[in-house]
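Single chain ahead, by itself, as structure tokens, in the form predicted on its own.
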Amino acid sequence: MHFYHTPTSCSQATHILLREARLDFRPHKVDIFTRTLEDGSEYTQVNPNGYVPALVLDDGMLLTENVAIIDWIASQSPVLVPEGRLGRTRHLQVLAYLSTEVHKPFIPLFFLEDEAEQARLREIVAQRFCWIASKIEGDFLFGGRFTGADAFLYVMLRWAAMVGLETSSSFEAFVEAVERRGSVKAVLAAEGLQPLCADASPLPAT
């Protein structure tokens, strides 16, 4: 299986889930601005849409869209889906919210120069983070079980730190719990990133 990703992008959530599920995969870094791979080849030959993440399964099938890929990975390792009634549906509900209501409006914050529009979007995203914070149950979004939604939320919180967006203090314990996981340490090391929590330390790069 081949995994196409860009460090610090939303594909980091998929990267974490692949490690959590202990799936065998070959990673390929993508320059999403030039749409090229590390060997200089055109990424659009793999994914015509040109964005990440993308998975090419062993039978050659291409999977795109973060929510769909995370859902597929979770189906390979059911411990990554919430327990209880409608576990998968509740998981998809949060994934869809993160994708459409947090991720999408967040992207312009990295590029917009208009201060008024920046302020408007920052307020919107901050309010949506507040709603997500209210859903945390214990260590993670669905209690003690780490899910794909937790991986996605963690990446969005890293984005918040990148643009200096203040978020609820209730996320501090969440980030600490996420960064204690071996999968997250391994991904941060592989992508050349430092943890958000001062007490966490990445594994050596592999």
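When you see a residue number, it is the position in the sequence shown, counting from 1. These figures come from a predicted structure and were not determined experimentally.
Below, we refer to the form predicted in complex with a small molecule, which is not included among the displayed structures.
Given that the small molecule is left out here, which of I32, V46, V175, L165 has a heavy atom within 4.5 Å of it in the predicted complex?
It is I32 that has a heavy atom within 4.5 Å of the partner.
Tell me, out of L112, C130, I107, I124, which residue has a non-hydrogen atom within 4.5 angstroms of the small molecule in the predicted complex.
It is I107.
Should Y51 be classed as touching the small molecule in the predicted complex when contacts are defined as heavy atoms within 4.5 Å?
Y51: yes, in contact with the small molecule in the predicted complex.
Heavy atom of R90 within 4.5 Å of the small molecule in the predicted complex
Residue-level check for R90: no, no contact with the small molecule.
With a 4.5 Å heavy atom cut-off, would you call S99 a contact of the small molecule in the predicted complex?
Yes, contact at 4.5 Å.
Classify W159 as contacting or not contacting the small molecule in the predicted complex by the rule of any non-hydrogen atom within 4.5 angstroms, answering yes or no.
Yes, W159 sits close enough to the small molecule in the predicted complex that at least one of its heavy atoms falls within 4.5 Å.
Any idea which of 79-87, 99-107, 132-140, 115-123 reaches within 4.5 Å of the small molecule in the predicted complex, heavy atoms considered?
Among the candidates, contact is made by 99-107.
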